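Only one chain is given next, in structure tokens, and it is the form predicted on its own.
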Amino acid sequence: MADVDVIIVGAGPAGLSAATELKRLGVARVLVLDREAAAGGIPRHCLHSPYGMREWHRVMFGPAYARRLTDEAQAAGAEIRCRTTVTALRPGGKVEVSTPDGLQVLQGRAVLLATGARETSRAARLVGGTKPGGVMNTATLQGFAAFADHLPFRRPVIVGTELVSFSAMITCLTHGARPVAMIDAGPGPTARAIMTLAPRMLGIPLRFGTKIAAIHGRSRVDGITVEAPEGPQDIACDGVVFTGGFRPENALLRTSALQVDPGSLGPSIDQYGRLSDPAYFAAGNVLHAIETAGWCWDEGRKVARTIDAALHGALPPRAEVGIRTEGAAIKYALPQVISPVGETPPAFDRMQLRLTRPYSGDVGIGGTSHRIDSRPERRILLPLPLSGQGA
């Protein structure tokens, strides 16, 4: 069994920025594990901008951004192992992995989970019909564009109106495919309304209150049936791209003893990013699907500082009781636990909320009431309650 100071699971923006910061702080051995063939996370697949504004105050495309994150971590002295899949998280920072050379067990003084998020699949959306080729999520679409330099369709339908949905639209247009429609089951866009100007200006129909009911075709998609306000309709197309509906990549959590928050579906953390087992920490979109790469990069750095404090015994004990949240529209709020305040600044200095539906009214956080007015899937930041904990 190999001993490591800090094991980082996931080589995306959060994991790589944490690795760089830990080495800057003087942590001796930092090991980053990733199941992909190369480090960099999702941006490695994204042939668009903007990336890098928060980090380096410049506009970059995804692959260049991923390379810079990787280069900085390696230059700082972090070790990155790709094609390495973590198979189990055991108590006390013990991690089981599968590598090209076989199975291994690693022991970390601390472990950072930075496994990111994934999109909701067709199966999870309960979309019926046949199973032809040409149905995919945004990650697969970006993979075709980045590594195969072609798309398997010319006239797809894009399902969703999150930021990533418009990224998928751009990818299609820049690789020879023109979407015949963008559809969303909601009454309006999930992304900010200004994003809808692009498809409208390009003549791509944008339809709300419209849900995909069935996909048709044998070897290839030849159409879909949608449920629209005016009734069922058929749309001719040769592909379907399911976008958004992000949820934390929590497969490892579900098979571990670590506490999972039922709202976010990610790990339950305190303001230092600590999980129910204090050897484990988390940062990035495993906590809150989904934030930008720059936001996750910043979280990785902040949690790295609390990990360094933990290695030096400078964090207060983790609280046992979660913070009380009240509000019918709250999807989740994090951190879920407020531990005693110590000298180390918290990695999460504000409460982060998201809603399940449009809501204007009061929410309660730790006994304090706040007035909010927001749409679903928008980041809401509120003061972090440092007292008034309650079940």
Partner chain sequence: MNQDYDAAIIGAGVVGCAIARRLTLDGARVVVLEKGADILDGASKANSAILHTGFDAPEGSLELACVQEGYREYEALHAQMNLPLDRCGALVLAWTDEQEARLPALIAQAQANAVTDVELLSRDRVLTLEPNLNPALRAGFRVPRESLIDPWSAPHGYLLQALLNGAELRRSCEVTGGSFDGSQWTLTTSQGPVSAGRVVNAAGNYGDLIDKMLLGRTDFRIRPRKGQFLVYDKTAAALARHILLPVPTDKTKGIVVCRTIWGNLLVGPTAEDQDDRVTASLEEATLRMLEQKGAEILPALAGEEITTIYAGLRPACEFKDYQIREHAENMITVGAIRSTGLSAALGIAAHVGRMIGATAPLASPAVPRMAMLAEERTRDWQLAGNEGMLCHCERVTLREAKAALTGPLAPHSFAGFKRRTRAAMGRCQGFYCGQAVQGLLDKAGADRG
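Computed from a predicted structure; not experimentally measured. Residue numbers count along the first chain shown, from 1.
The same protein has a further form, the form predicted together with its partner chain, not shown here; the description that follows concerns it.
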Quiz item: Using heavy atoms and a 4.5 Å limit, would one call residue 139 a contact residue for its partner chain in the predicted complex?
Solution: yes
Quiz item: Using heavy atoms and a 4.5 Å limit, would one call residue 255 a contact residue for its partner chain in the predicted complex?
Solution: yes
Practice problem: Examine residue 122 and determine whether its closest non-hydrogen atom to its partner chain in the predicted complex is within 4.5 angstroms. | Solution: yes
Exercise. State yes or no: in the predicted complex, is some non-hydrogen atom of residue 35 no more than 4.5 angstroms from a non-hydrogen atom of its partner chain?
Key: yes
Self-check item: Contact residue in the predicted complex, chosen from 218, 192, 200, 312 - any heavy atom within 4.5 Å of its partner chain
Solution: 218
Quiz item: Which of 129, 294, 77, 188 has a heavy atom within 4.5 Å of its partner chain in the predicted complex?
Solution: 129
Quiz item: Of the listed stretches (279 to 287, 295 to 303, 82 to 90, 69 to 77), which one has a non-hydrogen atom within 4.5 Å of its partner chain in the predicted complex?
Solution: 82 to 90
Quiz item: Can you tell me which residues in 233 to 249 come within 4.5 angstroms of its partner chain in the predicted complex, by heavy atoms?
Solution: 247, 249
